[in-house]
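One chain comes next, on its own, written out as C-alpha coordinates in the form predicted on its own.
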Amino acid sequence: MNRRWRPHWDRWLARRIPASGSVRLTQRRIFIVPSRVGGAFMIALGLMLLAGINYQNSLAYGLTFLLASVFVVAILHTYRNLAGLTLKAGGTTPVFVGEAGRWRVRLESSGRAHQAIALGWLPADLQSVDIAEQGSVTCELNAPTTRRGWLRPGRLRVESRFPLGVLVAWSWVDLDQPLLVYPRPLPGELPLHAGADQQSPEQGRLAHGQGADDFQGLKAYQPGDSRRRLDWKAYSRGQGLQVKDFASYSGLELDLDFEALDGDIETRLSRLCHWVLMLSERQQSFALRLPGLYRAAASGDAHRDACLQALALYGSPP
(Lines give C-alpha, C1' and ligand atoms only; values in the text may rest on other atoms or scores of the structure.)
Protein backbone atom coordinates (compact mmCIF):
# COMPACT_ATOMS: atom_id res chain seq x y z
CA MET A 1 0.00 0.00 0.00
CA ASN A 2 1.14 3.55 -0.73
CA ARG A 3 2.84 5.14 2.31
CA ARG A 4 0.67 8.21 1.89
CA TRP A 5 -2.51 6.24 2.55
CA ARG A 6 -1.07 3.79 5.08
CA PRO A 7 -1.86 5.90 8.22
CA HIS A 8 -5.46 6.40 7.08
CA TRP A 9 -5.83 2.66 6.43
CA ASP A 10 -4.38 1.78 9.85
CA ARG A 11 -6.75 4.16 11.66
CA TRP A 12 -9.76 2.82 9.78
CA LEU A 13 -8.71 -0.75 10.48
CA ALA A 14 -8.21 0.00 14.18
CA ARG A 15 -11.80 1.25 14.38
CA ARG A 16 -13.24 -1.65 12.42
CA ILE A 17 -11.16 -4.44 14.00
CA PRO A 18 -9.84 -3.14 17.36
CA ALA A 19 -7.02 -4.91 19.19
CA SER A 20 -8.26 -7.67 21.48
CA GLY A 21 -7.06 -10.92 23.02
CA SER A 22 -9.92 -12.75 21.31
CA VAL A 23 -11.38 -11.92 17.89
CA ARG A 24 -14.33 -13.60 16.18
CA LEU A 25 -14.41 -13.19 12.40
CA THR A 26 -17.76 -11.81 11.26
CA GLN A 27 -19.06 -10.07 8.15
CA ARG A 28 -17.65 -6.69 9.22
CA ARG A 29 -14.17 -8.16 9.69
CA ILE A 30 -13.79 -10.22 6.50
CA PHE A 31 -12.75 -8.88 3.09
CA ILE A 32 -12.98 -10.89 -0.13
CA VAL A 33 -11.65 -10.27 -3.65
CA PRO A 34 -10.66 -12.45 -6.62
CA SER A 35 -7.20 -13.97 -6.40
CA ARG A 36 -4.72 -13.93 -9.28
CA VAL A 37 -6.15 -17.25 -10.40
CA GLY A 38 -9.63 -15.79 -10.11
CA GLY A 39 -8.63 -12.77 -12.19
CA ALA A 40 -7.33 -15.03 -14.96
CA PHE A 41 -10.52 -17.08 -14.65
CA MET A 42 -12.68 -13.98 -15.13
CA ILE A 43 -10.66 -12.90 -18.18
CA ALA A 44 -11.11 -16.37 -19.66
CA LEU A 45 -14.87 -16.16 -19.07
CA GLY A 46 -14.96 -12.78 -20.83
CA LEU A 47 -13.14 -14.22 -23.87
CA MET A 48 -15.46 -17.23 -23.93
CA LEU A 49 -18.47 -14.92 -23.85
CA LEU A 50 -17.12 -12.83 -26.73
CA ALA A 51 -16.48 -15.99 -28.73
CA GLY A 52 -20.02 -17.19 -28.07
CA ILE A 53 -21.47 -13.87 -29.17
CA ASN A 54 -19.29 -13.76 -32.29
CA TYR A 55 -20.16 -17.26 -33.45
CA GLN A 56 -23.66 -17.39 -31.96
CA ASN A 57 -22.71 -20.70 -30.33
CA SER A 58 -25.19 -21.91 -27.72
CA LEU A 59 -22.70 -24.38 -26.26
CA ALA A 60 -20.23 -21.56 -25.63
CA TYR A 61 -22.99 -19.55 -23.93
CA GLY A 62 -23.94 -22.48 -21.73
CA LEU A 63 -20.36 -23.26 -20.68
CA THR A 64 -19.62 -19.60 -19.94
CA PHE A 65 -22.70 -19.14 -17.75
CA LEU A 66 -22.09 -22.46 -15.99
CA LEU A 67 -18.54 -21.49 -15.06
CA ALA A 68 -19.71 -18.01 -14.03
CA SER A 69 -22.28 -19.55 -11.69
CA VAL A 70 -19.55 -21.73 -10.16
CA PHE A 71 -17.54 -18.56 -9.53
CA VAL A 72 -20.51 -16.90 -7.80
CA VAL A 73 -21.12 -19.95 -5.60
CA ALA A 74 -17.40 -20.00 -4.70
CA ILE A 75 -17.79 -16.50 -3.24
CA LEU A 76 -20.21 -17.82 -0.62
CA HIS A 77 -18.16 -20.92 0.25
CA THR A 78 -14.88 -18.98 0.50
CA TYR A 79 -16.49 -16.48 2.85
CA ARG A 80 -18.16 -19.20 4.95
CA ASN A 81 -14.87 -21.00 5.40
CA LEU A 82 -13.53 -18.00 7.32
CA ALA A 83 -16.69 -16.67 8.95
CA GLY A 84 -17.35 -17.77 12.54
CA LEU A 85 -13.71 -18.58 13.28
CA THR A 86 -12.40 -17.31 16.62
CA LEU A 87 -8.74 -16.41 17.17
CA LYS A 88 -7.36 -16.13 20.70
CA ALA A 89 -3.97 -15.05 22.03
CA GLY A 90 -2.17 -18.12 23.35
CA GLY A 91 0.70 -16.34 25.08
CA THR A 92 4.37 -15.74 24.36
CA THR A 93 7.71 -16.85 25.76
CA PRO A 94 10.47 -14.23 26.27
CA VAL A 95 13.51 -14.64 24.04
CA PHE A 96 16.90 -12.99 23.60
CA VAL A 97 17.82 -10.60 20.80
CA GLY A 98 18.64 -12.59 17.67
CA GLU A 99 16.41 -15.53 18.56
CA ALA A 100 13.13 -16.20 16.78
CA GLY A 101 10.15 -14.81 18.67
CA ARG A 102 7.29 -17.25 19.20
CA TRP A 103 3.62 -16.38 19.44
CA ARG A 104 0.93 -18.98 20.15
CA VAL A 105 -2.44 -18.45 18.49
CA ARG A 106 -5.49 -20.59 19.25
CA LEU A 107 -8.13 -21.03 16.52
CA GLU A 108 -11.55 -22.27 17.59
CA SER A 109 -14.60 -23.34 15.61
CA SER A 110 -18.02 -22.83 17.12
CA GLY A 111 -19.81 -24.69 14.33
CA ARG A 112 -18.68 -26.06 10.99
CA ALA A 113 -15.16 -27.14 10.07
CA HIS A 114 -12.68 -24.67 8.59
CA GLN A 115 -10.20 -25.95 6.04
CA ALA A 116 -6.86 -24.60 4.80
CA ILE A 117 -6.84 -21.50 7.01
CA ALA A 118 -3.58 -19.62 6.48
CA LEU A 119 -2.18 -17.13 8.99
CA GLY A 120 1.04 -15.25 9.63
CA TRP A 121 2.82 -11.95 9.04
CA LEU A 122 3.58 -10.86 5.51
CA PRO A 123 5.87 -11.01 3.61
CA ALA A 124 6.81 -14.28 5.36
CA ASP A 125 5.08 -17.48 4.28
CA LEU A 126 1.75 -18.12 5.96
CA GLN A 127 1.12 -21.23 8.05
CA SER A 128 -1.85 -23.38 7.00
CA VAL A 129 -4.07 -25.28 9.46
CA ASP A 130 -7.38 -27.16 9.46
CA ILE A 131 -9.92 -26.80 12.29
CA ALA A 132 -12.37 -29.62 12.86
CA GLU A 133 -16.07 -29.06 13.55
CA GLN A 134 -16.47 -27.77 17.13
CA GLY A 135 -12.70 -28.16 17.46
CA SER A 136 -9.66 -26.01 18.12
CA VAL A 137 -6.03 -25.83 17.02
CA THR A 138 -3.07 -24.04 18.58
CA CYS A 139 -0.32 -22.98 16.21
CA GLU A 140 3.00 -21.29 16.87
CA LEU A 141 4.10 -18.37 14.71
CA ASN A 142 7.68 -17.13 14.50
CA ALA A 143 9.23 -13.77 13.68
CA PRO A 144 12.83 -12.47 13.96
CA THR A 145 13.91 -10.21 16.84
CA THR A 146 16.43 -7.43 16.32
CA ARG A 147 16.13 -5.25 19.43
CA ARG A 148 15.31 -5.62 23.11
CA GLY A 149 12.08 -4.52 24.78
CA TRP A 150 8.48 -5.20 23.90
CA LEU A 151 8.06 -6.48 20.35
CA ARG A 152 4.69 -5.99 18.67
CA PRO A 153 4.70 -7.80 15.32
CA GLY A 154 1.67 -5.96 13.97
CA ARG A 155 -1.61 -7.23 12.66
CA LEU A 156 -1.89 -10.91 11.84
CA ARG A 157 -3.19 -11.83 8.39
CA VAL A 158 -5.75 -14.64 8.33
CA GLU A 159 -6.94 -15.82 4.93
CA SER A 160 -8.76 -18.59 3.08
CA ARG A 161 -8.71 -19.58 -0.60
CA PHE A 162 -10.81 -22.68 -0.10
CA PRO A 163 -12.41 -24.36 -2.02
CA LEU A 164 -11.34 -23.38 -5.56
CA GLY A 165 -8.62 -20.77 -5.04
CA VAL A 166 -10.31 -18.28 -7.37
CA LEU A 167 -11.11 -15.94 -4.46
CA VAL A 168 -9.27 -14.95 -1.30
CA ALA A 169 -11.10 -13.99 1.90
CA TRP A 170 -8.93 -12.40 4.57
CA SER A 171 -8.85 -10.35 7.73
CA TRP A 172 -6.25 -8.35 9.67
CA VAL A 173 -6.32 -9.28 13.37
CA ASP A 174 -4.45 -7.65 16.26
CA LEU A 175 -4.40 -10.09 19.20
CA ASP A 176 -2.54 -7.60 21.40
CA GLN A 177 0.13 -9.98 22.72
CA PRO A 178 3.54 -8.25 22.79
CA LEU A 179 6.68 -10.34 23.20
CA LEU A 180 9.39 -9.43 25.70
CA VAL A 181 12.89 -9.53 24.18
CA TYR A 182 15.89 -9.67 26.51
CA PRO A 183 19.35 -8.30 25.60
CA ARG A 184 21.71 -10.73 23.87
CA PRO A 185 24.00 -12.29 26.55
CA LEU A 186 27.60 -11.16 26.12
CA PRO A 187 30.37 -12.72 28.25
CA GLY A 188 32.54 -10.22 30.09
CA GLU A 189 34.15 -9.32 33.39
CA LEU A 190 31.91 -9.67 36.42
CA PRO A 191 30.95 -6.11 37.51
CA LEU A 192 30.94 -6.13 41.32
CA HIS A 193 29.83 -3.15 43.37
CA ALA A 194 32.63 -0.65 43.91
CA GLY A 195 32.60 -1.10 47.66
CA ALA A 196 33.29 -4.81 47.34
CA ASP A 197 36.82 -4.50 45.95
CA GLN A 198 38.08 -3.01 49.20
CA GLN A 199 38.25 -6.47 50.78
CA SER A 200 41.23 -8.71 50.36
CA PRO A 201 40.89 -12.09 48.66
CA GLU A 202 41.92 -13.80 51.92
CA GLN A 203 38.96 -12.22 53.71
CA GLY A 204 36.42 -13.09 51.12
CA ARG A 205 37.50 -16.33 49.47
CA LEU A 206 35.50 -19.48 50.03
CA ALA A 207 37.19 -22.52 48.52
CA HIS A 208 34.19 -24.80 48.29
CA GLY A 209 30.44 -24.67 47.90
CA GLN A 210 28.01 -23.41 45.33
CA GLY A 211 29.94 -20.36 44.25
CA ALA A 212 30.01 -18.38 41.04
CA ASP A 213 33.54 -17.16 40.47
CA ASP A 214 36.04 -19.96 39.76
CA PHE A 215 35.55 -23.48 38.45
CA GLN A 216 37.17 -25.89 40.92
CA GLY A 217 36.55 -29.25 39.24
CA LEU A 218 34.06 -32.08 39.45
CA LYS A 219 32.61 -33.89 42.43
CA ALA A 220 30.31 -36.87 42.80
CA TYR A 221 26.62 -36.15 42.54
CA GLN A 222 24.76 -36.01 45.85
CA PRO A 223 20.99 -35.94 46.31
CA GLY A 224 19.94 -32.29 46.40
CA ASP A 225 22.60 -31.03 43.99
CA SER A 226 21.28 -28.87 41.16
CA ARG A 227 20.71 -30.83 37.98
CA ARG A 228 21.69 -27.75 35.99
CA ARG A 229 25.28 -28.34 37.09
CA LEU A 230 25.51 -31.97 36.01
CA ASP A 231 28.42 -32.74 33.70
CA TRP A 232 26.75 -34.80 30.98
CA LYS A 233 29.97 -35.15 29.01
CA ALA A 234 31.60 -36.99 31.90
CA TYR A 235 28.50 -39.15 32.26
CA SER A 236 28.65 -40.07 28.56
CA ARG A 237 32.26 -41.20 29.06
CA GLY A 238 31.12 -43.64 31.74
CA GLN A 239 32.44 -41.63 34.70
CA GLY A 240 29.11 -41.59 36.50
CA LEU A 241 27.04 -38.61 37.60
CA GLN A 242 29.25 -35.68 38.52
CA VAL A 243 28.49 -32.03 39.17
CA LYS A 244 30.58 -28.95 38.51
CA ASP A 245 32.04 -27.39 41.66
CA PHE A 246 32.67 -23.66 41.87
CA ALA A 247 34.36 -21.42 44.42
CA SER A 248 32.92 -18.09 45.39
CA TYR A 249 33.96 -14.96 47.20
CA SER A 250 31.57 -15.00 50.11
CA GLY A 251 32.86 -11.69 51.47
CA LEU A 252 32.14 -9.86 48.21
CA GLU A 253 28.73 -8.41 47.60
CA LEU A 254 27.51 -9.68 44.23
CA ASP A 255 26.02 -6.39 43.17
CA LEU A 256 25.87 -6.20 39.37
CA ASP A 257 26.43 -2.53 38.66
CA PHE A 258 25.63 -0.89 35.31
CA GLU A 259 27.86 2.09 36.08
CA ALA A 260 30.89 -0.13 36.78
CA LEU A 261 31.00 -1.31 33.17
CA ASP A 262 32.59 0.24 30.11
CA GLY A 263 31.05 0.48 26.66
CA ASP A 264 27.78 1.69 25.23
CA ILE A 265 24.38 1.01 26.78
CA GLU A 266 23.60 -2.14 24.79
CA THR A 267 27.01 -3.67 25.52
CA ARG A 268 26.62 -3.05 29.25
CA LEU A 269 23.12 -4.52 29.30
CA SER A 270 24.27 -7.57 27.37
CA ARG A 271 27.08 -8.23 29.84
CA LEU A 272 24.75 -7.83 32.78
CA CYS A 273 22.32 -10.21 31.09
CA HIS A 274 25.09 -12.81 30.79
CA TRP A 275 25.92 -12.63 34.48
CA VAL A 276 22.29 -12.69 35.55
CA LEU A 277 21.91 -15.97 33.68
CA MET A 278 25.19 -17.41 34.96
CA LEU A 279 24.59 -16.54 38.60
CA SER A 280 20.99 -17.77 38.45
CA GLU A 281 22.11 -21.06 36.95
CA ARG A 282 24.58 -21.50 39.79
CA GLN A 283 21.96 -20.49 42.37
CA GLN A 284 24.10 -17.58 43.56
CA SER A 285 22.42 -14.63 45.26
CA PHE A 286 23.05 -11.27 43.56
CA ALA A 287 21.70 -7.74 43.28
CA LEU A 288 21.21 -5.61 40.19
CA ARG A 289 21.91 -1.90 40.05
CA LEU A 290 20.72 0.20 37.09
CA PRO A 291 20.38 4.00 36.87
CA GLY A 292 17.11 4.72 38.66
CA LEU A 293 16.51 1.10 39.65
CA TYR A 294 17.91 -1.26 42.27
CA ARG A 295 16.90 -4.85 42.97
CA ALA A 296 18.10 -6.23 46.26
CA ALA A 297 20.18 -9.38 46.43
CA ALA A 298 18.14 -12.55 45.99
CA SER A 299 18.13 -15.77 44.02
CA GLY A 300 15.64 -17.99 42.23
CA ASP A 301 13.72 -17.93 38.99
CA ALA A 302 11.45 -15.04 40.00
CA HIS A 303 14.44 -12.81 40.78
CA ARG A 304 16.14 -13.83 37.53
CA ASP A 305 13.05 -13.03 35.45
CA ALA A 306 12.58 -9.67 37.19
CA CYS A 307 16.20 -8.70 36.51
CA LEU A 308 16.02 -9.79 32.88
CA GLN A 309 12.84 -7.77 32.40
CA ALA A 310 14.50 -4.72 33.96
CA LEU A 311 17.41 -5.09 31.53
CA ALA A 312 15.05 -5.55 28.56
CA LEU A 313 12.99 -2.46 29.38
CA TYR A 314 15.81 -0.18 30.47
CA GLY A 315 15.39 3.21 28.84
CA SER A 316 11.92 2.38 27.47
CA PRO A 317 9.07 4.77 28.19
CA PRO A 318 6.85 3.62 31.08
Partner chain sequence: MSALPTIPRISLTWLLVAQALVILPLLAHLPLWILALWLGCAGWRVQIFRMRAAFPTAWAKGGLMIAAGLGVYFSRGSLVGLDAGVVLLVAAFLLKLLEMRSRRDALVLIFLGFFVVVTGYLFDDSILVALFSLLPVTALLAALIGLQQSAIAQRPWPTARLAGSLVLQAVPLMVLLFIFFPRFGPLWSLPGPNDKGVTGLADSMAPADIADLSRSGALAFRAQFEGEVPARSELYWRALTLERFDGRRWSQSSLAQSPQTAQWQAAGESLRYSVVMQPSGQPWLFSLDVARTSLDSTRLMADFRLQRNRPVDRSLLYGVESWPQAVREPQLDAARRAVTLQLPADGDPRTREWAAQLKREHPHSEQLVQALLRHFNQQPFSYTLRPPRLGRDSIDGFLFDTRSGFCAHYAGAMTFVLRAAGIPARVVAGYQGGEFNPAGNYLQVRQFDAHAWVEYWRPQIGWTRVDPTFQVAPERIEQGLEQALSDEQSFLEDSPFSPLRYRQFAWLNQLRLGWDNLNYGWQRWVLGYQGTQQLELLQRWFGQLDGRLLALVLVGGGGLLLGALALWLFKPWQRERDPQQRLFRQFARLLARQGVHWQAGEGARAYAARAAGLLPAQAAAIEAFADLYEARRYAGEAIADAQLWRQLRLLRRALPWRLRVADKRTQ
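Everything quoted here is computed from the prediction, not taken from an experiment. Numbering follows the first chain given and starts at 1.
Heads up, the form predicted together with its partner chain isn't pictured, but that's what we're talking about next.
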property	result
Per-stretch contact check against its partner chain in the predicted complex, the hit in 274 to 282, 261 to 269, 65 to 73, 288 to 296 (non-hydrogen atom, 4.5 angstroms)	65 to 73
Selected contact from 98, 154, 91, 165, since only one has a non-hydrogen atom within 4.5 angstroms of its partner chain in the predicted complex	165
Partner contact for residue 86 in the predicted complex: its partner chain, 4.5 angstroms, heavy atom	no
Exercise: residue 79 in contact with its partner chain in the predicted complex, heavy atom 4.5 Å	yes
Its partner chain contact in the predicted complex: residue 138, any heavy atom under 4.5 Å	no
Any non-hydrogen atom of residue 59 within 4.5 angstroms of its partner chain in the predicted complex	yes
Heavy atom of each of 50, 54 and 112 within 4.5 Å of its partner chain in the predicted complex	yes
Heavy atom within 4.5 Å of its partner chain in the predicted complex - qualifying residues of 119 to 139	125, 126, 128, 130
